[in-house]
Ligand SMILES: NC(=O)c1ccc[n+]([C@@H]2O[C@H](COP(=O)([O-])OP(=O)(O)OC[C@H]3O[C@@H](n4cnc5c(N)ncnc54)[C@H](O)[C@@H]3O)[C@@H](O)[C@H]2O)c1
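One chain comes next, on its own, written out as structure tokens in the form predicted on its own.
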């Protein structure tokens, strides 16, 4: 069987990650074209995947103007740039893998779904957490009834103090007008995961949260505009020099350092901190997304779930507690501990016990799991391999938008409003 051919639209961190599947499994997938406006990142993709010069484009519209170049399009542009290429490539008959979120608002999401259904093309959204070994193990346990009927669920997303500073204060997802609210750009993964675990429609949602800390009013006395020339950098946990140069010293030349510069040397990183957005003081940036938020959801049958997004933590796996009528599950992204009411015993499952150390082990194996299933779906023309298709993704996105409306209005939003 010939490998599935891919065009990568957006050769940043996520697009590059998904393309790595083709490098690891050349018999199954091949990147044959790329669209990326930044020359250095476009050139890196060309060199890595031996893409002919005539199939390297600065604008996705130039790809769409060609005869169909590949079996599938992997769209990993910025959030507000998803709808147009997704609709265009659907009209051209490409199978589509779209980075989350689908769009910054419900209208854009519905437009994408309408386009893929109208053209009857395979479609998946990169809700990679659905595809991890951990998620699939926990889902199987819940569906088997091992804890009886699910009554409630608690989930914590410990974003991590430096990750918050990198992506949501200094980075591409810092400002709602340019990307979207935090609950969409970061935590749509989690509300989608909760929706997947519950397995029934949501009925009502409320939410609270705000931007508490990363504001000018919270700046320590003497803080400068940039970390490289700041009198208090030595005592600031959010110092950009500390975050990126320490990562570089530990040998991390990919994310997050690779976001600053395609040439991860100390000189290049320092230049980026002097001149680019990632060197700004976290108290003097143009960010406005929340740094903490809670969401409460009611589902069909009276099930309830709570979700907490918290910036002020050590960066680590999400933590989940599921309560059932016959037991409970506690998970940390790798280990699942099952307590059984009848036997009064606890057993622990290591969901990575048989992991193979794949280079695509990001997101707990979710990056590999997503690409593995999407490529298989395209090869076999079978949408059943895709866990995050148009209908399920639209449902969880509508939950995110409803929760954000509830946060802003201070009320409860019901699914009837969606």
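Everything quoted here is computed from the prediction, not taken from an experiment. Positions refer to the first chain, counted from 1.
This next part talks about the form predicted in complex with the named molecule, which is not shown.
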- Task: Just give me the single entry in 137, 308, 172, 261 that has a non-hydrogen atom within 4.5 angstroms of the named molecule in the model of the complex.
- Result: 172
- Item | One residue of 133, 155, 189, 280 in contact with the named molecule, assessed in the model of the complex (non-hydrogen atom, 4.5 angstroms) | 189
- Task: Please run the contact check for residue 11 against the named molecule in the model of the complex: heavy atoms, 4.5 angstroms, yes or no?
- Result: yes
- Query: Is there a non-hydrogen atom of residue 59 within 4.5 angstroms of a non-hydrogen atom of the named molecule in the model of the complex?
  - Reply: yes
- Task: Give a yes/no on whether residue 99 approaches the named molecule to within 4.5 Å in the model of the complex, heavy atoms considered.
- Result: yes
- Query: Heavy atom to heavy atom, is residue 81 within 4.5 Å of the named molecule in the model of the complex?
  - Reply: yes
- Note on the structure: With a 4.5 Å heavy atom cut-off to the named molecule in the model of the complex, the contacting stretch among 123-131, 331-339, 227-235, 245-253 is 123-131
